[in-house]
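Starting off, we have a lone chain in the form predicted on its own, written out as structure tokens.
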Amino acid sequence: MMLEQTTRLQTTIDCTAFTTRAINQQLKDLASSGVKQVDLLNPAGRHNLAVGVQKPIQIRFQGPVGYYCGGLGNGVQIEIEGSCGWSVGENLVAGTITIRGNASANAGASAHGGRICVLGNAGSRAGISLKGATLIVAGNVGHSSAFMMQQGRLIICGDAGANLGDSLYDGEIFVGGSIASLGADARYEPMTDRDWQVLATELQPLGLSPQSSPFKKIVCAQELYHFKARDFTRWKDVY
């Protein structure tokens, strides 16, 4: 028997003796059968856990996980009691992922929907190619975060590394700390009352207060939207 069933709606899996493929298949089967919550013990930094789960279920990892955790999820609620490797929540469609630790590079890469919350720091390229999800980082992010972001929202409560929002196409970036530099085609925009309300709605459930930091807003400058040969010099200077 692969798992220990504690109740009809709650299950515990010890990852120690099973392959990643077997664990992921069991998670999908449990979600399809109506089980509401699964606790995974001893993940031990293993890669590719909880990938491709397409039914609503709450998954709690009791320890750190490796890369691509929660990727391609649709309706999952994942909690990680520890840090995670790169690309957590990659291509997330819907649901939530909460990391009670730090995240490596590419957190939330290409995520289409849902919410990813990193309660520590995130590495470089956080929110790369974000396509509609909300990524919240309670600490700092590394360089090139929100690179080629297409839609969605990135909220950074701490500091941001160099080239923030490089080649940004659409979406919103909020930063509560310092910014090393903006990337190509990113610009500051004045904060509005609606922006402060958005921050309050997103941060207060996490125990964070937007009023504690002088948040700044970054959006696309739209200088790179259209390339025209006759404006090559201007386009080249922007890029």
Partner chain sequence: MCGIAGILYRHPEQYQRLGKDLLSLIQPLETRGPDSCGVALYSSQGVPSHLKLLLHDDGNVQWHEVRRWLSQEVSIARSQVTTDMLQLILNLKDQPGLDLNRLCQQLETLFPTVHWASLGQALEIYKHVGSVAALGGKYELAHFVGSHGIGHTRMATESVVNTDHCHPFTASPDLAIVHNGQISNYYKLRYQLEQMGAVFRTHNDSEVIAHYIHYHRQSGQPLEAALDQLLQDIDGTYTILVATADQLALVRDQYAAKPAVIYESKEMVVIVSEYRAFLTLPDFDPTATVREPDAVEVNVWSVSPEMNQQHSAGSPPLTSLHR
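Quick caveat: nothing in here was measured; it's all calculated off a predicted structure. Numbering follows the first chain given and starts at 1.
Missing here is the form predicted together with the partner chain; even so, the following discussion is about that form.
Asks: Spot the stretch among 146-154, 131-139, 164-172, 118-126 with residues whose non-hydrogen atoms come within 4.5 Å of the partner chain in the predicted bound form.
Replies: So the stretch in question is 118-126.
Asks: Would residue 44 count as a contact of the partner chain in the predicted bound form, using a 4.5 angstroms cut-off between non-hydrogen atoms?
Replies: Yes, contact at 4.5 Å.
Asks: Quick one: does residue 104 come within 4.5 Å of the partner chain in the predicted bound form, counting heavy atoms only?
Replies: Contact check for residue 104: yes, within 4.5 Å of the partner chain in the predicted bound form.
Asks: Looking at the partner-bound form in the predicted bound form, is residue 183 within 4.5 Å of the partner chain by any heavy atom?
Replies: Taking the distances in the predicted bound form, the answer for residue 183 is no, it never comes within 4.5 Å of the partner chain.
Asks: Indicate whether the partner chain has at least one heavy atom within 4.5 Å of a heavy atom of residue 210 in the predicted bound form.
Replies: The answer is no: residue 210 has no heavy atom within 4.5 Å of the partner chain.
Asks: Do heavy atoms from each of 64, 67 and 86 fall within 4.5 Å of the partner chain in the predicted bound form?
Replies: The answer is yes; 64, 67 and 86 each reach the partner chain.
Asks: Counting only heavy atoms, which residues in 175-195 are within 4.5 Å of the partner chain in the predicted bound form?
Replies: Going through 175-195 in order - heavy atoms within 4.5 Å of the partner chain in the predicted bound form - there are no hits.
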